[in-house]
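Just so you know, structure 1 and structure 2 below are the same protein chain in two forms, each on its own as structure tokens.
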Structure 1
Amino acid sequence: MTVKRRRMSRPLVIGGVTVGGGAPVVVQSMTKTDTRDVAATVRQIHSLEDTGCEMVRVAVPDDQAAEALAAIKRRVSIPVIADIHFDHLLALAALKAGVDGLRLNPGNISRRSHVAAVVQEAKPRGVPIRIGVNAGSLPKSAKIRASLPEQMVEAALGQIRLLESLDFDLIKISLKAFDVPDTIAAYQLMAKKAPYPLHLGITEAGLPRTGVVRSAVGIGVLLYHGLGDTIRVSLTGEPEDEVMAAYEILKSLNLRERGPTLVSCPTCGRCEVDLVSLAESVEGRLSTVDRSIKVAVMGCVVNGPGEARSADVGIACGKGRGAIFRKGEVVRTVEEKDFLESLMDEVARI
């Protein structure tokens, strides 16, 4: 089973990757290096590519950063999106450097002449623009008596109308806040008002331990309701962790597959083996496996055999002995010292 029927947004192609229109939800992240440091930025993007990142955003705070984009673009293979605030001239420089997408913040770039200048360069290149609204930087014109979700949607709609009036519709929208229910409400409202793809995220979600939870709840609820064409988990930490968390969210809703899935029980007073260590060892060994297989590591006879059976490969541990399952059949029972190797042998045989 998976999520409710996905909203059909108008698809965009960003540097060869389709976002929206029913395409698989795209995982993206953002570099945290100084963009002017081309080597460091390229290294981080390559590392992100290895983790499964499908699109990367890069901050462009000044002219030197914009100039560095050309060199970065030449050395990476995933689409590069320039993150622009305050100064529309940086967007023009980024377009000249060959970026695949732009993010503009309507809270600080909204003057018609500025946006028109960007559209004039983006349109012939077929480069989409994300209207990236953040609760922390709403336009000064926001109606302060409206709710935060309404203010965010109004900020996006204002920019949508401006872009459409310039005959430009390569649009993607994000509406990020720290408050999860506000963010959910904003996206739900937005989805009814415009056909464009949605980029989901919870902003300033914090350090990994808390940020992952806030992101999983907020992005998870929206995806469950069929909204969202691309996601970015924002964490105060390594961007690779953002990508891994993004895939876990998508895997939990059966929206994407990526690598093995480890099913393991929480252990309890019923468990007679060191299951945590076994699960950690299995996770470590599975990290080199690319296939989307489901491996169960279970500590007792209550749910062990049941869960191990529904996995591709599994072990249900009892005292001193464990039953190895493969596609629903017990293939053998093994002694405790052989739990890890026997399980991995079965994984290798699939």
Structure 2
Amino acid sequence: MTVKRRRMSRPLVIGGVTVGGGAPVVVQSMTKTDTRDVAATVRQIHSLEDTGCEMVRVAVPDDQAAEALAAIKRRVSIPVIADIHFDHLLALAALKAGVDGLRLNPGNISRRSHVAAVVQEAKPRGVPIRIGVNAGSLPKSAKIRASLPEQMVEAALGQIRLLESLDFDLIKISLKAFDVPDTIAAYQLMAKKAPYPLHLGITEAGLPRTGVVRSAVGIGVLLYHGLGDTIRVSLTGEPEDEVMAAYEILKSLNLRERGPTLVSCPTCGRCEVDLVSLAESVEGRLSTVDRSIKVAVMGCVVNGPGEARSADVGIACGKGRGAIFRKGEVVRTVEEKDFLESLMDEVARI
């Protein structure tokens, strides 16, 4: 069964990166540094870019942070999106600093005159605006009797109507909640209401162990049903982990390929080697490999190659000896002490 046909949204170009319109799903993250610290923020953006991040959002809590954006922009190459809350004047300052995109929260920036002032500066620059709806900060006008997904969608539609009335359509939409079913329902409803690109995410998903699961379920379901043009995995942790998790979600649905994929068996009573340590070592060594390659680490010599037939290369481990295989065919056997290096040698050959 394949992923359902993607919803054809209206394309946007954000700092040279195409979002929507059938373009590949874009991976985003957000810096966790103090934006006022230019050097630290630039270092983190460079690290994110090395990990595969294609657009980055930065918090702009005050005038000093807004002033730092110009210096940050000069020193990075991926698009920078300014995250604005409460004060539309910060959005104006961010635009003058040269940001590639804005995120506005309709829960705290919705006055027509304020939005109009932002549009007046964004439109001639060709800078898109993401309407970023959060379940925890909905407009006061939200209909109390409506369901949470309905309230989120109505908040987005209200902002869409406002922007369109100002002759502005460089729009991207997100509708994020902690609750996965509510988030899925909101995006599914929104997809029927407007043609704009959708940025997917589960907000405040938590620490990596649980946050990755929550994000993978929510984002994965939406992607499987053809929804979503950009994604961010929001974790209480390093932003590079967010990017790697995002690519794993995309790879699991055959939507994007970047870097290696490690296939490893869960182990059972048949396993006679320390497969966990071997798999962890292989994962560490693969972190420096750029090519999209599937590598298997299996704990059973008898079934390993067959179970991991789709892997480009792998090892099936038995007590004292293991079999190196390619596409399910054994090519040689090696001693247990040579498991790691022999497998990595085979990866290097490919």
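Everything numeric in this text was worked out from a predicted model, so none of it was measured. So that the term is clear: the rigid core is the largest set of C-alpha atoms that superpose within 1.5 Å between two forms. Reference numbering: structure 1, starting with residue 1.
Which of these two chains, shown alone, is the form predicted together with another copy of the chain? Structure 1, not 2.
Is there a C-alpha shift of 2 Å or more at R309 between structure 1 and structure 2 once the rigid core is superposed? The answer is yes; the displacement is at least 2 Å.
Cα displacement of K319 between structure 1 and structure 2 reaching 2 Å, rigid core superposed: Shift of 2 Å or more: yes.
Once both forms sit on the same rigid core, is the C-alpha displacement of G328 at or above 2 Å between structure 1 and structure 2? G328 C-alpha, core-superposed: shift of 2 Å or more.
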